[in-house]
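Before any questions on how it binds or moves, here is one chain, the form predicted alone, in structure tokens.
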């Protein structure tokens, strides 16, 4: 029986392996970093399953392909179907209206409805509520996929894949730039904070004039703050400006965040193609699946299904580029 070798154990690689196994394929995974952890870009994600919100500044496939991600993940890990709340301060209401014109799947809500959804944000007068969206804890999701694959008999090799490997599927992210020359890195920065004085139950996006903020609850007063997308290859440290802007935006959301503890600082480089959409390519007998950009958890299921379709049935989805081998 054919054994498929998945190279890379981030969200793309684990999702691809999961989809292959679900269709009866035998799979092994190569990743020198070992089990999911801080070494991987996927560890530092927001975990928002928000295709309607993301459509504000993304191409149409993000909306159409991302909508199935919620049910895909719900079968494999814990998700929270509580929607997304988008807010703006009074002076920034034109930004809120512009956000609404560029998206769909929301309802306009006012101060009383905001209070009913999130009492600690009742100072805001207007917002948009995307009811159908969801979120997950990326770290738990990665670990759940990893454990599921182990239980299904998938072998994980903590080493580099052999140079010559039959039936290989390369999901190495930026490490694949030695072959995918149009791949670039986009720097993302995030903070994990603890604030016992604020209770939020769903992702909230604040359309701040300097830096749009998203904040995702992790439970027990812990939140992930993120938003930066910087065109640079430097992933060593967060910039002082980014940290100040993230914390300032959180303070604008609720001043109690000014007393929050900073638990973690994360920086990563997200792999992206020029149009910021994922691609599947067949080169030299290897299938390359890459370019999830900022939509890792949202588009990984669609990427994985397309890879499985191509590998097992020779079916080509819209994500598959013309054969370049």
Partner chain sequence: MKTFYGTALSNPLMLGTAQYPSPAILERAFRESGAAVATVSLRREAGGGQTFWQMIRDLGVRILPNTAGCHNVKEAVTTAHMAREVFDTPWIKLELIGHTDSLQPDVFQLVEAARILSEDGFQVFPYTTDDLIVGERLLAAGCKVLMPWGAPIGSGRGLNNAYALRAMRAEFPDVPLVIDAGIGLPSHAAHAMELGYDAVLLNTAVARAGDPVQMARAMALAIEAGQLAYQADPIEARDMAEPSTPVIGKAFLS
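Residue numbers count along the first chain shown, from 1. For clarity, every value in this text was computed on a predicted model and none was experimentally measured.
Another form, the form predicted together with the partner chain, is not on view; read the next lines as being about it.
Work out which of the listed stretches, 54-62, 256-264, 38-46, 280-288, brings a heavy atom within 4.5 angstroms of the partner chain in the model of the complex.
Stretch with heavy atoms near the partner: 54-62.
Although the partner chain is absent from this view, report whether residue 234 comes within 4.5 Å of it in the model of the complex, heavy atoms only.
Contact with the partner chain, yes.
Does any heavy atom of residue 196 come within 4.5 Å of a heavy atom of the partner chain in the model of the complex?
Judged by the heavy-atom cut-off of 4.5 Å, residue 196 is well away from the partner chain in the model of the complex.
Residue-level question: is residue 275 within 4.5 Å of the partner chain in the model of the complex, judged on heavy atoms?
Yes.
Taking the partner chain as it sits in the model of the complex, is residue 74 near enough to touch it, meaning that at least one heavy atom pair lies within 4.5 angstroms?
Contact with the partner chain, no.
Decide yes or no: are 239, 242 and 245 jointly within 4.5 Å of the partner chain in the model of the complex, with each residue judged by its heavy atoms?
Contact check passed for all of 239, 242 and 245.
To verify the annotation, which of these, 147, 98, 157, 140, has a non-hydrogen atom within 4.5 Å of the partner chain in the model of the complex?
By the 4.5 Å heavy-atom cutoff, the listed residue in contact is 98.
Using a 4.5 Å cut on heavy atoms, which of 152, 115, 177, 81 is close to the partner chain in the model of the complex?
Only one listed residue qualifies here, and that residue is 177.
Quick one: which residues from 78-104 get a non-hydrogen atom within 4.5 Å of the partner chain in the model of the complex?
Those in contact are 91, 98, 102.
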